[in-house]
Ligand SMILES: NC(=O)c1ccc[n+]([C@@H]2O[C@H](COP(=O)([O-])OP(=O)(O)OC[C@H]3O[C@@H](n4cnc5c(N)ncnc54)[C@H](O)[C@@H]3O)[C@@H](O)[C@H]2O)c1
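First, one chain by itself in structure tokens, the form predicted on its own.
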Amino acid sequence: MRIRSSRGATDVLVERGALDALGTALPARIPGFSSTPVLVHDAASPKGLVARALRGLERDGLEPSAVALDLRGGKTLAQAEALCHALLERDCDRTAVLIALGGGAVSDLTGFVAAIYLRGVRYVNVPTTLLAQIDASIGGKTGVDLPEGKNLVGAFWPPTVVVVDPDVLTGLPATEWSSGFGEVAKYAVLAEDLLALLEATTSSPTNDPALLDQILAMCVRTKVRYVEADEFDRGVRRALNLGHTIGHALEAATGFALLRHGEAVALGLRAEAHLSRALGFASSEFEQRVVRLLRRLGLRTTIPALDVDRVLAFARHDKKREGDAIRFALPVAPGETRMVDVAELGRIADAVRSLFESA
């Protein structure tokens, strides 16, 4: 698949075994590909995946180097600065190509550095988690977090190529599958054919490769469609924020420790379906359909009670805030969303409380 943008095109390659053929696939798609690409990965990434990627590059005569990021404390400006120093130590100039291997945090941070280092260099995303393969790696949104919230510093800087290899998901921890399924649920609300598939299947994507490939393709096509229609997230692409306004606030309010990103998105999706119904947009039946979808995917739909005011404070720092109102992409029906500015914090507080186990 190809995404056309004002900065050129992004090729999205979805192919089993692609990780082992990076040295062939990337130079064929990137004119003037650097002979010394820099592989950026999380220090906690499986060593086997890093080694396979390096071998895949070296087989074709390239001389890659690797930079390991310590992302235990999240993706921060300090980590971005450290990566810039590592690139300077390697004498990287504007012909450099960075290859982000890992989950969404790696692609977000690597893409951000690619946007600012020497005012812009090329980069490639090679996502190794389900969430990153269907969402974070595609679309050109890059950034790092601040203590006040997620992705508050960033840039639109699309990757030149995205390489999605379903084989790398083998052995993925259960928590990563769960996080990825949160984004799958979002796409299912946006794409009625995917929702119907998930509601009809009795298999689990974790042990059904054909079903997983089908889900991956449908999610990626949906993301590509929205990104190409709205490169800078000013219109229809905002539908991809389903579940994220409350989800991001839940992540931040719990110190980015209790919930994986996709788990927070799933909870946000449930809360925002509740808000949509309370505001008269979604039906009760559709709200329950969303809840059943989350449970079918094995996602949590409740959490212990939190400080609601703290959650609301983080929601007010969200990038999508419009003045005193908080902007939501609310689910209305399968394939239908509605952009709504909500100034009544009590309505949002009720939606957050609907998630509490005691509700």
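Please read these numbers as outputs of a predicted model, since none were measured by experiment. Residues carry their position along the shown sequence, with the first being 1.
The same protein also exists as the form predicted together with this ligand; that form is not shown, yet it is the one meant from here on.
Although this ligand is omitted here, in the predicted bound form none of 263, 300 and 350 has a heavy atom within 4.5 Å of it. The stretch among 282 to 290, 201 to 209, 103 to 111, 80 to 88 whose residues place heavy atoms within 4.5 Å of this ligand in the predicted bound form is 103 to 111. Within this chain, residue 312 is remote from the site of this ligand in the predicted bound form, having no heavy atom within 4.5 Å. Within 4.5 Å of any heavy atom of this ligand in the predicted bound form lies no heavy atom of residue 272. With a 4.5 Å cutoff on heavy atoms, residue 217 does not count as touching this ligand in the predicted bound form; it lies far away. None of the heavy atoms of residue 122 is located within 4.5 Å of this ligand in the predicted bound form. Only one of 163, 188, 246, 132 lies close to this ligand in the predicted bound form, with a heavy atom inside 4.5 Å, and it is 132. Note on contacts: among 44, 305, 325, 28, the single residue with a heavy atom within 4.5 Å of this ligand in the predicted bound form is 44.
For the partner-free chain shown, 151, 168, 171, 172, 173 of 150 to 174 come within 4.5 angstroms of this ligand in the predicted bound form, judged by any non-hydrogen atom.
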